[in-house]
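Single chain ahead, written as structure tokens, the form predicted alone.
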């Protein structure tokens, strides 16, 4: 009786050399740790970039002026960049799953414009209103604007891939026009520009702490990741699994709206981030939200850190708002993704 013949794959599995090579392949956790270290290094670089001289020798020598500058300005700014980048990228990922379209984000569906309109309304009616009230009103307007977009989307005869972002951009354009009109009427165009262009130059200790709210909202999005993944497969599929599709959509609506409102109120709009980062993560790791959220957070934080460092150094000692840098880089990356997708389908 002849000995059984093993297949090539089975023989490879029994080969110790193959097993050693496979065991040496870095796991996803290892890559996540490496990505976290890289973002940490970018954060350290961010602490030492700026007009004022903050160098390692001065800090090691115990220079009180250098340490005050670090704790009052550099650390709050770096934390604000990381928190805003993480939250906006995750909000874009949730929005794309809710709408089931890869070409949308809060700034292309009217959410950011609605939050800006809310801030303008409270600024006109209650100029001395505290920041928490502005954030609350902006959140309500952002909720209303996002809900309006979803309602319009639900009445479309077909979910064409390109029609969805076009509708969102048109709705955002209408809301933005109304906002600009009233800002012009009440001589608030310059203030409006500060909200529409993300800028971290004014972040100091005591002016960024609201962004810790978006950290909690991002964590909530991660905890509900499995539900958003199922909801992204459609209402019928979600209902068949015994889940409430409308409740999940409402949760996503609240998370996206609150994140957008807090970020706009604190540092202004951060364009393209919620659009390109989820697409890159989706290409690399798929559409499982629980798996994608940590990578989206890392990519988002790292991308905004890079843009902020570029904005502080490209015209040194002057500073370019991070929103402008992100607009250029984000549009370039997004066009590259579109051309790559077109070439793959061709």
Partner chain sequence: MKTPVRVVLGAFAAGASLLALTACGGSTEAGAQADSGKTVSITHAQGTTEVPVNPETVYTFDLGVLDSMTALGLEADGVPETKYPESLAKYNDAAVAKIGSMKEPDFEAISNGNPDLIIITGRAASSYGELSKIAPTIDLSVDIKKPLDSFKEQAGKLGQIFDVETKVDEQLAAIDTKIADAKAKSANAGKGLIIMTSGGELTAYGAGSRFGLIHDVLGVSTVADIKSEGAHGESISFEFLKTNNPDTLYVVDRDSAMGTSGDAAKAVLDNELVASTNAAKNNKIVNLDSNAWYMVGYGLNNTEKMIDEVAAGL
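Just so you know, these numbers come straight off a predicted model, no measurement behind them. Positions refer to the first chain, counted from 1.
Quick note: we don't show the form predicted in complex with the partner chain, though the next part is all about it.
The chain is drawn here without the partner chain; in the model of the complex, the stretch among 28-36, 291-299, 273-281, 47-55 whose residues come within 4.5 Å of it by any heavy atom is 47-55.
Although the partner is absent here, residue 202 sits close enough that one of its heavy atoms falls within 4.5 Å of the partner chain in the model of the complex. Taking the partner from the other structure, the partner chain in the model of the complex has no heavy atom within 4.5 Å of any heavy atom of residue 240. Residue 130 falls outside the set of residues with a heavy atom inside 4.5 Å of the partner chain in the model of the complex. For residue 123, a non-hydrogen atom is located within 4.5 Å of the partner chain in the model of the complex, even though that partner is not displayed. Listed residues 139, 101, 180, 73 were compared with the partner chain in the model of the complex; 73 is the one with a heavy atom within 4.5 Å.
Annotation for 187-204: interface residues with the partner chain in the model of the complex are 187, 188, 190, 191, 194, 199, 201, 202, 204 [heavy atom within 4.5 Å].
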